[in-house]
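Two forms, one protein chain; structure tokens for each follow separately as structure 1 and structure 2.
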Structure 1
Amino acid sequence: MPIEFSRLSFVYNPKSPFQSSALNDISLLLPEKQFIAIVGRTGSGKSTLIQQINALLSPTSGYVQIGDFINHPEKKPKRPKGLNDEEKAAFKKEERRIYQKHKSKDIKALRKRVGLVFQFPEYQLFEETVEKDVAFGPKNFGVKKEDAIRSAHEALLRVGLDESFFQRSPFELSGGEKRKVAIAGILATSPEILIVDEPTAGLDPAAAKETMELFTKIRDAGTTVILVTHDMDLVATYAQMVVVMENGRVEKTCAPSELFGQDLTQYSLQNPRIFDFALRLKQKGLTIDTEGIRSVNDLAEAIIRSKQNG
């Protein structure tokens, strides 16, 4: 299920003294079943963009299409002046296509297909047991209690929490375990798209690695994973595609390897540490191919090849 943004803009507090433009004329296609990273400085529009995907926010103008669902402005746009007859007909045709469905009737189905894990999702845990907390999502979408519990168990096992966790209070768990419970709560609804906002924030390195490898397995099973992050090391290791945002616009869309090595300070970003180290080796005279270096193993193999060819 691809995601297509078409000339989408969003303004907070329109027609007020606090009006602020967050997204500006974004056209973007996110392919399905990929691991996609959205990066950029704080305030660049990343979080606002992802909230358009599951209709937590509606565009001020333009639209985003997710499968057969279109998130569009509440009010139909005015027809531009000066159009000829052919342009008027094309405008009406596009307007009918975008507004052919009532969004309010489809929004629940959309949110079942698009799961959004906010930063520090463990703060949203509220039930007395882990099982009940994870089963809440499916039950909210109309699944029978028995089936919801079954889905909860499957999701918990999927994130690495066995039967011993089912009846425990989520508030007695470690930070990493709470994060897993929150993620399981989203997975229990079987989303086709999983959006995660800074998922490793506050986690120790081991828990962060375990969390990211979980998302990779989820992608490998056919789910689109969209990662919002400042951590370029995560982008280097896991992402297949990266979207760079700045001032509410998409500045660049490319493979991670095409981004690294450029001056990223203009976006308040840094090259991944492993790539930066490889560049320093190259500057010191080591003939090394930095293309495709995403991990310590990649770097080690590149050094070995350089020595063999030297």
Structure 2
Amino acid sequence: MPIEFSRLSFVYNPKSPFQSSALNDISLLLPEKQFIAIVGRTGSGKSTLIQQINALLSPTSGYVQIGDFINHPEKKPKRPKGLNDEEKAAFKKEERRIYQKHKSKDIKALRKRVGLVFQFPEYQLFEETVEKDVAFGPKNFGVKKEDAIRSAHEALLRVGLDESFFQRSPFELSGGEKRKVAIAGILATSPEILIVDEPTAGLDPAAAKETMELFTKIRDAGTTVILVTHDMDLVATYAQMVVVMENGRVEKTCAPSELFGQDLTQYSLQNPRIFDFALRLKQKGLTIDTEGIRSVNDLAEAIIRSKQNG
């Protein structure tokens, strides 16, 4: 299920003193079954963008199409003046295609297909026990109670929370554990698109790595994974495509390797440390091919190659 943004803009609190324009004229195609990273400085619009994909927010203008679901503004735009008959007919046809009324069951179906783990997992937890919290999603989507509990247990084990957590209150957990519960809650519903907003914040390095590897496995099984992050090391290691946001706009869409080596400080981002290290070696005179270096292993191999050749 690809995701296509078409000239989408979004304003928070329109026509109020708190009005703030968060997304500006976004046109973007996110292909299916890929590991996609969305990066950009604080306040650049990443969280606002992903909330359009499962219709938690709806555009102010433009639209985003997710499979056969189109998330569109509440109000239809006015027809521009001065169109000829043919253009009027085309406008009307496009309007009919985009502005289909959503029934609540359509939105529910969309949210089953698009799972979103919030940046602040606290917002997502509300049941008295971890088990109930994680089983809520599948139950809500019509799965029988016992099956929902079974899915919940599987999802919890996948994120690294064992049985001792099942009956605990989600509110008494540490930040990292809460995040794991929130991720399990989404995994339990087996979405086709998994969107995770800063999923490794608050996790220790081992748990962060396990979580990222879990997402990679999920992608390998055919799910689209969309990762919002500031961490370019994660982008280097895991992403196949990266979208750079700046000031509510998409600045760049490319493969991670195309991004590294450019001046990323203009977006308040840094090159992956491993890539910077490779560049430094090159500047110091080592003949080394920095292209495609994404991990410690890649760098080690590049150094060995350089030694063998020289």
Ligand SMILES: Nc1ncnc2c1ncn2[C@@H]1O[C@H](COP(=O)(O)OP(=O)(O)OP(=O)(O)O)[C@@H](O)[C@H]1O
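Residue numbering: sequential along structure 1, first residue numbered 1. As the structure is a computational prediction, the values presented were derived from the model and not from experiment. What we label the rigid core is the largest C-alpha set whose atoms superpose within 1.5 Å from one form to the other.
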property	result
Which of the two shown is the form predicted on its own	1
Is_shifted residue 195 between the two structures (CA, 2 Å cut-off, rigid core)	no
Residue 119: Cα shift of 2 Å or greater between the two structures (core-aligned)	yes
Rotational displacement of the smaller rigid part between the two structures, which moves against the larger, in degrees	17
Core-aligned CA shift between the two structures for residue 161 (Å)	4.9
